[in-house]
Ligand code: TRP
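First, one chain by itself in structure tokens, the form predicted alone.
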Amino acid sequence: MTVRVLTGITTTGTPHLGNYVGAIRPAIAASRRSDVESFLFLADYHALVKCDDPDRVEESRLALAATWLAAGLDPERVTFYRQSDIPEIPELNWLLTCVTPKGMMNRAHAYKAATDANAGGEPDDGINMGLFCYPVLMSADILMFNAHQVPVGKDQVQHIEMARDIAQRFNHLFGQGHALFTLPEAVTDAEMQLLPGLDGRKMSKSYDNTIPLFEGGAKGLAAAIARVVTDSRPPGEPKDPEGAHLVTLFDAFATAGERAAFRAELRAGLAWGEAKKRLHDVIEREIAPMRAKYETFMARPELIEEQLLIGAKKARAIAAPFLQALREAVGLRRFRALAAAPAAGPKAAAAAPLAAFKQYREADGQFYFKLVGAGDALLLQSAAFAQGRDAGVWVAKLKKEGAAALAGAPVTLAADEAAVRAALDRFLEVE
């Protein structure tokens, strides 16, 4: 079974080591697996929640795209796109917003943290609706492509749980017995905690405690590492590596053998200054080859633009028909001109009734649909689908396009072709 994996990074500021270790590196590694279908995107709508500097947003989008490509992303193997190039995502965001309980948003960690920071004043001071509804937009990112897995830091697991809850509610309200949305699973690295920043807190642009990935070159990397907070134990005095921020950073780039040796040396009295040099060397070993590629892409933004537009086209080929099926499900259907009522008499009695699509799931776990006419006479039968949403997309297409959609449709005719075509075209007249 192919697993669909989706990863996004918010475009506010320049990429740092936390972005690379927590999202970029594992996502690129996963994209090279034959059993993984990867969707990687620049979350530039999310950037607008916290950043009102257009130039910073623009520069960050470019820098992050260049980082993905320099780090080894192969656009031929993945769907690589900007969130803002997929208009179906904000529309899905609204459909999901309309079924999301406000109480769920009240419990979101980011919103609660923001209100806690306002203790003593108005709880919602400085909080915009983008921040409040952030988990719904994140759900739209994920559910638009029915991702099976979403690699996240532990602080984002709650958002994936919310996406599952929202998807389940939507399926219940509008699925008519089949699942429109796949329920995503959060994937966290069991061995790696959130990468700490200079002060030991989570490395984040919001805290201004990041270590740059490429900015400033090797000297800039060394300067940032020199600012990593350590305890005051002098050279020669044993140091406890457990819980040391420097050691956590080292672990993210070192081999298992190097990790063990580093801990042993610290316990034997290795100076923090020398330890920081070791950290610099092990990080530089991995990222130095990427730096030249990054600089090339930054100097040729048109190369990045070309790849992102190709990725957007691939993404929209999935998103557009799926959103149409969701619109049908919630009742946002096109009005069709009703056929003129036939005159009474033998001809009227012979008028064919409107056929009906029926979707269902068999004991084999696969999803199917069929078209039946009068007396439930079978007109056509679909092939098996692994996901109910895929069957729904084809039903919507056949209703929308009529017999013209038969070419290439995964169906078998069970009646005379002319009768099937007439039944399908009837949807265009009466639906």
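Please read these numbers as outputs of a predicted model, since none were measured by experiment. One-based numbering along the sequence shown.
Form predicted in complex with the ligand: not shown, discussed below.
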Region of this chain that lies against the ligand in the predicted complex, out of 204-212, 132-140, 321-329, 229-237 [heavy atom, 4.5 Å]:
132-140
Residue within 4.5 Å of the ligand in the predicted complex by heavy atom, from 100, 156, 171, 115, is 156
If you check 43, 69, 49, 62 against the ligand in the predicted complex, which one has a heavy atom within 4.5 Å?
43
In the predicted complex, does residue 247 come within 4.5 Å of the ligand, counting heavy atoms only?
no
Though only this chain appears here, would residue 355 touch the ligand in the predicted complex if you measure heavy atom gaps against 4.5 Å?
no
Contact of residue 95 with the ligand in the predicted complex (heavy atom, 4.5 Å)
no
Going by a heavy atom distance of 4.5 Å, is residue 150 a contact of the ligand in the predicted complex?
yes
